[in-house]
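Just the one chain here, the form predicted alone, laid out as structure tokens.
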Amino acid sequence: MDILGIETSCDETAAAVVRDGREVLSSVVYTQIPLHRPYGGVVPEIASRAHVEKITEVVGESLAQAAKVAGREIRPDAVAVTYGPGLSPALIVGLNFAKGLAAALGVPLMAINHLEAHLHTPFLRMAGEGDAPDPAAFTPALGLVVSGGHTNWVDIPEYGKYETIGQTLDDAAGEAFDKAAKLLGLGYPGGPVIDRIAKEYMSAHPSRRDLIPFPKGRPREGVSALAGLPADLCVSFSGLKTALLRHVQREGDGERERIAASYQEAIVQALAERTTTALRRHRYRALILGGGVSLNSRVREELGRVCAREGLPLLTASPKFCGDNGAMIAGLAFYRRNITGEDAMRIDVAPSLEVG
């Protein structure tokens, strides 16, 4: 089954064709980073306009690349699209385009949750790169989505079923990286820059004794923002951001490499501690890691160490699938057909959509 996936939840216009949920025939991503860099973050109106300008070209290129790989013209058996969560003006562009395309082709439309799709990325492989692992072989699993807008721990009792068991109460991990980079004058997006200079600093100072003891963002029990979730599976990065600001105001930013490494380590250890707690509460067969921040070298290293200690595998995506992309949408659609057909045609965007 060949599914065309369309993703426009934030600042990437993306489309892909995926066969049987795992074999990626094409994946095209137009990134808007240069458009948003002058503002230090994503501007919804600019993102929406760019999606309108690029979506026809991106979808067309995706179908053309898939046809070249398959050796024949590709007519999708279904069209899958992100309907949430994300920026409302951006989501509207993708959803409306997908509805029109599905109607024109006379094929089903599938509405897909963006966060759930990030957890499918470890099960994607480009055509010719070997077989991708079977998702069903790794459940029950713990999922962790770490991206610019989200940080969620997700219980996956069987593939296609999801329940949030922990999350950030304010800033997402990626957002925390971007805000720190802006404060330190490191540019946008901040995550890759902080990862690079932190790695250089840690290589020169392997003992880590001189790292600044920034807070790891553990919320207190009883806080209303927990909304019934356990405090030891949730995180709050707003205090970390404030601690960084106060440090810079007090000491200056002359040691930006040390500051960046210390700040990154606080985020990494917060993620590792909550993940360890979650893994010890249930019997899981794997940790599934998805989202743009999953590309961070320290995040992968430390979570790999956590999984080794707990005796289970860490499943991560190929770098090309860590950020927002259409392949994750098309891939998950093959397995999770909960909103399809006429129900999908009637659906509206859901900017605050939750997992499950």
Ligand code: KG4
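All residue numbers refer to positions in the sequence shown, first residue = 1. None of these values were measured; they are calculated from a predicted model.
Absent from the display: the form predicted in complex with this ligand. The rest refers to it.
- Proximity to this ligand in the predicted bound form, taken as a non-hydrogen atom within 4.5 angstroms, holds for one residue of G217, G94, G148, P135, which is G148.
- Checking E265, E273, E175, D155 for any heavy atom within 4.5 Å of this ligand in the predicted bound form turns up a single hit: E175.
- Here the chain stands alone, but in the predicted bound form its contact with this ligand, taken as any heavy atom within 4.5 Å, falls in 290 to 298 among 48 to 56, 62 to 70, 303 to 311, 290 to 298.
- In the predicted bound form, at least one heavy atom of P192 sits within 4.5 Å of a heavy atom of this ligand.
- At a distance threshold of 4.5 angstroms between non-hydrogen atoms, V28 is out of contact with this ligand in the predicted bound form.
- Interface residue remark: L315 is not counted as part of the site for this ligand in the predicted bound form, having no heavy atom within 4.5 Å.
- For the chain shown alone, H120 is not a contact residue for this ligand in the predicted bound form, no non-hydrogen atom being within 4.5 angstroms.
- Taking a 4.5 Å heavy atom cutoff to this ligand in the predicted bound form, the contacting residues in 313 to 337 are C322, G323, D324.
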